[in-house]
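A single chain comes next, written as structure tokens; it is the form predicted on its own.
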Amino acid sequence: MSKLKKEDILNDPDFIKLSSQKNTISIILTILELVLYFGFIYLVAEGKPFLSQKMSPDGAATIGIPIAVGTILLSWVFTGIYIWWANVKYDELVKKVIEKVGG
């Protein structure tokens, strides 16, 4: 088997597909996470009257608590989406490229 050059790998259709998909999912999830995080920070800074509203008549908890917990949980969901994608799609494409390279 002939030795592949760096250019051969970079021009390989499977490698291009791999790189494109990884960039797409990474950019989408990064944007979603930034909107989520900075949206929450903005809400904390500018929406104090809203966040301080009581959820129950006895006033034990405010609306801000479940929103904060939801922000953390949604971050975990975004991470889970990336892990699922990496296991299902990314690893398969990496195997194809490695087989072509001879690794």
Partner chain sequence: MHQTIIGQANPVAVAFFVLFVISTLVITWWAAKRTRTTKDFYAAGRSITGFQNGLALAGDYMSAASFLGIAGLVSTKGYDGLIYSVGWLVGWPIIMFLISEPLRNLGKYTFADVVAFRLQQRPIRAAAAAGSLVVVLTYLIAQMVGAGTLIKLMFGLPFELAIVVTGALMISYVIFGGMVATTWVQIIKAGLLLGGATILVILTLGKFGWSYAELFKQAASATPLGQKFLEPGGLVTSPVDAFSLGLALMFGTAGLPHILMRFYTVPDAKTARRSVFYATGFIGYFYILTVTIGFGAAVLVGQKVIMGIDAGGNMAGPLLAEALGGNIFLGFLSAVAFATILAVVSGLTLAGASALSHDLYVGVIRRGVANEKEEVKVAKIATVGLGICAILLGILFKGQNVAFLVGLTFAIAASANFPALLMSIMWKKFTTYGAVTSIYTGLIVAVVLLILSPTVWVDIMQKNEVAKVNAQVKEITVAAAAVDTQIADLQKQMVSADAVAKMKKKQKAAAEKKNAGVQASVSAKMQEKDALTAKKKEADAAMPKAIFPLRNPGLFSMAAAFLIGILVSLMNPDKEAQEKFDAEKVREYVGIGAE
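Residue numbers count along the first chain shown, from 1. What you are looking at is a predicted structure, and each value in this text was computed from that prediction instead of being measured.
The form predicted together with its partner chain is left out here; the points below concern that form.
- Interface residue remark: G80 is counted as part of the site for its partner chain in the predicted complex, having a heavy atom within 4.5 Å.
- Of the residues in 7-39, those that come within 4.5 Å of its partner chain in the predicted complex through at least one heavy atom are, in sequence order, I9, L10, F15, L18, S19, K22, N23, S26, L29, T30, E33, L34, Y37, F38.
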